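What follows is one chain in structure tokens, specifically the form predicted alone.
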């Protein structure tokens, strides 16, 4: 009987301490759980004399019923308080939350992918951390080529591979050309490789980290007209019908012949100046967008493709640079894309 009185006193004290539904649940387990106080008292009945068991058992059941009632009352009070605290008046105006958006470069990547998907190109992404072999050797670039100097390429301070040379941060997406040829095996191949690239440059039209997308097409009978047609198709889709494209002869180790596609500047609209001042982006009315050309036979061989049977073209566009030329953007400094200035980013 002494234990029963102590249970009643403890319950009254414990109920005063309950301030949440979680507290109430713990209290219920303490008193009514499988290993709770009430069950412990019920198990002690067997130690009593026969004439005491009936009376003791009745009192335990009365206390158990009272505990359940007190817990239910407390639960209703807590639920009422909780409901009042979270009450929503639907007649009040809603809260205004800031609306986020994708980065401008991400929008460009999605648009580029859709444009080339329409003409049967698949999208791939190859490593950002690459080997010298895929970035240079497989692309017909000899050991002494200037691009392999640490002034132009980020080298990683790890042991070189006997087969693949030093490890680098990929300077261009062109390393994906040979990887894709090896992956596919036998043409036809129609691929765009979109990835981050790294070069130690920093000015109006360069950042140390930038994005490129590589176009690759290999099949029988592929020639320069197909290359020009693909670039012209992309330019009209991505920029606008009134923007002009030109191909200038150039030299790249991995293409022969090679070209640099230019587009009329979207800042000065091809005039080369704004209000009598030379355009800070193009300086001439034209801006170089990419490197392009017919794939060199040595590159086809490195990818396991027979150059006597198959030919192909490739190009590499800088995504940030084409965004500078996007109709209506009028972005005159590439670096602002990565400055994190919310005043610029929230416009898009």
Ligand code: PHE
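Positions refer to the first chain, counted from 1. On a predicted model such as this, the values are computed, not experimentally measured, just so you know.
This next part talks about the form predicted in complex with this ligand, which is not shown.
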key: Candidate spot 199, 254 and 315, all three touching this ligand in the predicted bound form (heavy atom, 4.5 Å)   = yes
inquiry  = Exactly one residue in 322, 305, 282, 292 has a non-hydrogen atom within 4.5 Å of this ligand in the predicted bound form; which is it?
reply    = 292
remark   = Assert contact_stretch over 162-170, 106-114, 180-188, 254-262 against this ligand in the predicted bound form, heavy atom within 4.5 Å, equals 254-262
message = With a cut-off of 4.5 Å between heavy atoms, is residue 130 one of the residues that contacts this ligand in the predicted bound form?
response = no
message = Test of understanding: in the predicted bound form, would residue 212 fall inside 4.5 Å of this ligand by heavy atoms?
response = yes
Touches this ligand in the predicted bound form: residue 151 (any heavy atom, 4.5 Å) = yes
task = Check each residue of 8-24 against this ligand in the predicted bound form and list those with a heavy atom within 4.5 Å, in sequence order.
result = none
request  = Would you mind telling me if residue 136 and residue 151 are closer or farther apart in the predicted bound form than in the shown form, C-alpha to C-alpha, with a 3 Å or larger change?
outcome  = closer
inquiry  = At a change of 3 Å or more, would you call the C-alpha separation of residue 147 and residue 338 in the predicted bound form closer or farther than in the form supplied?
reply    = farther
